[in-house]
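Next comes just one chain, in structure tokens: the form predicted alone.
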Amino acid sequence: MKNICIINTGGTIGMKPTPDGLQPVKGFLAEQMALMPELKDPLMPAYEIVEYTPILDSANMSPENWLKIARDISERFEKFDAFVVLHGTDTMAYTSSALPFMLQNLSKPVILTGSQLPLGHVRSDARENLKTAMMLAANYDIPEVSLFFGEKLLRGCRATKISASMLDAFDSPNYLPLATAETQIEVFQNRIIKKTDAAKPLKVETIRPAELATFRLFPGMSVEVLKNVLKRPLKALILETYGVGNGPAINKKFLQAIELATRDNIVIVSCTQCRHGCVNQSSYAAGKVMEEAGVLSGHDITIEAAIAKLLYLFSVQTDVAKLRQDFDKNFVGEISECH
């Protein structure tokens, strides 16, 4: 029988309904799981729960917490066959985007999941999300960080939260699911990253906080506000552009602000505001001038993965010119070859 480690960082899935609303209660998740007869089925793996103290609301998640999760996985890597990380939905896509960069040489499944309703709720998505994540982790060869929610297993660094209330709360707009779990579980091995050399030990790469920001373009935006954002100590800006990476090309003050920032070694990355599609700055003149001003293409990366990738690169790289080159590379399946 496979043996998996369940790391309970917090979130709705393990909260207890009380007269004062949902609250994290130590040991409640284990109590609820012990009451689930389906977990005793021969198809289900043995499991051990590691519960964080304090249990986190995912709105409070930070790079320091990502490092704790990564180190907890590393410390138990030889003991368990796979890992399921329970996490609040608010920042789950950020964590699932960061962990692939941190868990170098990963050769076992690491699946994040959670729920919109708690496990103890009469009508909850928690039971199916938890059970299926456990089954996928234990019974299938998926040696990468992924996120399971609402019948779909998504690549972690491609996932984004699309709904605050729907049970199908996550999507992977630019990469097909790694697996689906409807009447049958179907795993698409051709979409999964190939297992690394087992001889290479798992290595945890630290991601440190850095001075990043995002800025969304919109008609009538203030260039003065953008200039204020583009001041030191800022190191990088994710510019949420129109369509395939377009911006207000005839606005000379806007372009001047971008050019001055890139000359000052502030890294500016263009990510499309569209849910689907890829930045291609050579398609239109409005995108070409952005490229000429020094803006990097984010290709089809999600905002969450762009943040994680920049934090990772700033943690391992001090040469900004090299960092700009590295951002264009595909490290963990976070971008497609669409450029």
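Numbering starts at 1 and runs along the sequence shown. Everything quoted here is computed from the prediction, not taken from an experiment.
Only in words, not in the display: the form predicted together with aspartic acid, which the text now covers.
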Legend entry - Non-hydrogen atom contact Asn129 with aspartic acid in the predicted bound form at 4.5 angstroms: no
Legend entry - is_contact(Pro109, aspartic acid) in the predicted bound form, heavy atom dist at most 4.5 Å: no
Inset, instruction - Would you please decide whether Thr95 lies within 4.5 angstroms of aspartic acid in the predicted bound form, comparing each non-hydrogen atom pair? - result: no
Legend entry - 4.5 Å heavy atom contact, Glu205 to aspartic acid in the predicted bound form: no
Inset, instruction - Report the residue, out of Pro177, Gly247, Gly120, Gly88, that has at least one non-hydrogen atom within 4.5 angstroms of aspartic acid in the predicted bound form. - result: Gly88
Inset, instruction - Tell me, out of Asp57, Glu51, Glu31, Glu291, which residue has a non-hydrogen atom within 4.5 angstroms of aspartic acid in the predicted bound form. - result: Asp57
Legend entry - Interface stretch in the predicted bound form with aspartic acid - options 130 to 138, 178 to 186, 214 to 222, 112 to 120, non-hydrogen atom within 4.5 Å: 112 to 120
Legend entry - Stretch 271 to 308: residues contacting aspartic acid in the predicted bound form, 4.5 Å heavy atom cut-off: none
